[in-house]
Every structure is written in C-alpha cells, then in structure tokens.
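Next up: just one chain, as structure tokens, the form predicted on its own.
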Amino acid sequence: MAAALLALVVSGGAARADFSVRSVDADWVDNIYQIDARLGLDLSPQAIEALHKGVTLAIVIDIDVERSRRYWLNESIASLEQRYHLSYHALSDQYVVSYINTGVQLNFPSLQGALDVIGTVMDLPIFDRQLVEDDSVYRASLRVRLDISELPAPLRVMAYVRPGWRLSSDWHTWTLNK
C-alpha cells in the first residue's frame, strides 16, 4: 500500500480539476435560515487515481455567517462544516458517499453520480432567526474543498505542493435577507 501511495505522490499530470460554487439560494423557513446550493466537483486525475487505489477522499462544505460591525471586527454568528467521505469499493464496483454529520451512507454505480449527490445541498438549516438583530447587516459565505489533511501520510506530504490536490472553490458570499 505504501508503494502505491508513493507512486501516486510522484506521478504528475496536468490538473484538470475544479471545485466551484455554481449557485446558492437561501431563505427563511419557519424562522430557520436554510440554503440550497449547487456545487461543481471535478476531481483531478491524481485524486481519481488515488480513489481507485483505495484512498478515501474527504470533501468539506464550509459555511460561515457574520454580522457586520462598523468599528470592530465582524462577529461570527454561525459556522458550519458539512463533511463527506468518498470512497471506491472495488469488489462491487461502487462509489460510496458517507455523510459524516449523520452517518448516512449511499452507493453509486458511477463517480459522477456520487459527486452530483455531494454537490447538491438541499434545505440545509444554518441558524435560528433569534440570532438576528433587526438593525444589523449579515453576510454568509460558502465554499467547497478537498480536505487533504485526511489523506494518508505519504500522500498528504506531497498533496500540499501538487496543484492537482489543492481543490477548493472560492468563497461565495451573499447578504442575508431579513
């Protein structure tokens, strides 16, 4: 296993990967701020090769909500991390998505099907209206990233310097409607 991981680290290849936030819709539902989001998840050839060789990939959706303050640093109202593990089961030829926050596990016959499920966020509750002050402005931000800190040690070292492993979208920011 160590030799296979080392081969993955050393192998180059052009990074044709991209993580992106395609859209975010957010609104209040029964005094809870909820979001729907569409994410683009295109893995690099290195990440796909590692997945097929038994490496589990951790994909994380980060969400932050801040209250803007005029003369001081912004105040953090909510910070949420949705974590997914993506793995490949060679015997069944299935991709497995494990939603770490709930323990739900789903199987897919194709990599694209698994990535589409991770990249579709529906009715995700973020915070309660009681945290909102009427005279303040609130901004929310969302990004999606590959968490390379969860890779096996031999792979993790080089993943920090190889562009094919640095998969992260830009922060998508919007102002909350009250």
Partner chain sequence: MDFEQVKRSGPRVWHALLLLAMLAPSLYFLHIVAQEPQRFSALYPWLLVLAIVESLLLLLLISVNIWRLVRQYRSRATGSQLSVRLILTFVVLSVVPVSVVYYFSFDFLGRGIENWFDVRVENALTSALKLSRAALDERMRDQLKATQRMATAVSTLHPSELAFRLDELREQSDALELTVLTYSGRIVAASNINPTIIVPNLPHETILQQLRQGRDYVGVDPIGGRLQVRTVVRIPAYDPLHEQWVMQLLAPLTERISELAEEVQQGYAQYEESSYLREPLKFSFLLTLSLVLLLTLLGAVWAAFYSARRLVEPIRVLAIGTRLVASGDYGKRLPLTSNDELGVLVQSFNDMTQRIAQARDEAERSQRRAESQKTYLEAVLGRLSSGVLVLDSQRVLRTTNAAANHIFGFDLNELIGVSIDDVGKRYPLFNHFIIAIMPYLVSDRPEWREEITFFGASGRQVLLCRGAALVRDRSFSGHVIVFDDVTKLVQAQRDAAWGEVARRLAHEIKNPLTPIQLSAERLRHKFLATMDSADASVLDRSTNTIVQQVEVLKEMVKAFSEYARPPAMKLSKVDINALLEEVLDLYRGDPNLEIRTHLSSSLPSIEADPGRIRQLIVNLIKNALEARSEASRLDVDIFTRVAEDAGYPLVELILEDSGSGVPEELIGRIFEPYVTTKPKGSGLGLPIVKKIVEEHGGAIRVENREQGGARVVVRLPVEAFVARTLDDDERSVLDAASPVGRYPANERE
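In this text the structure is predicted, and so the values were computed from the model without any measurement. Numbering follows the first chain given and starts at 1.
Below, we refer to the form predicted together with its partner chain, which is not included among the displayed structures.
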| query | finding |
| --- | --- |
| Contacting member of Ser79, Asn74, Gln105, Asn101, with respect to its partner chain in the model of the complex [4.5 Å, heavy atom] | Gln105 |
| Its partner chain contact in the model of the complex: His89, any heavy atom under 4.5 Å | yes |
| Contact test in the model of the complex: Pro154 vs its partner chain, heavy atoms, 4.5 Å | yes |
| Touches its partner chain in the model of the complex: Ala50 (any heavy atom, 4.5 Å) | yes |
| Contact flag, Met158 vs its partner chain in the model of the complex, heavy atom cut 4.5 Å | yes |
| All of Val55, Val96 and Pro109 within 4.5 Å of its partner chain in the model of the complex, heavy atom check | yes |
| Stretch in contact, per heavy atom within 4.5 angstroms of its partner chain in the model of the complex, of 122-130, 145-153, 60-68, 22-30 | 145-153 |
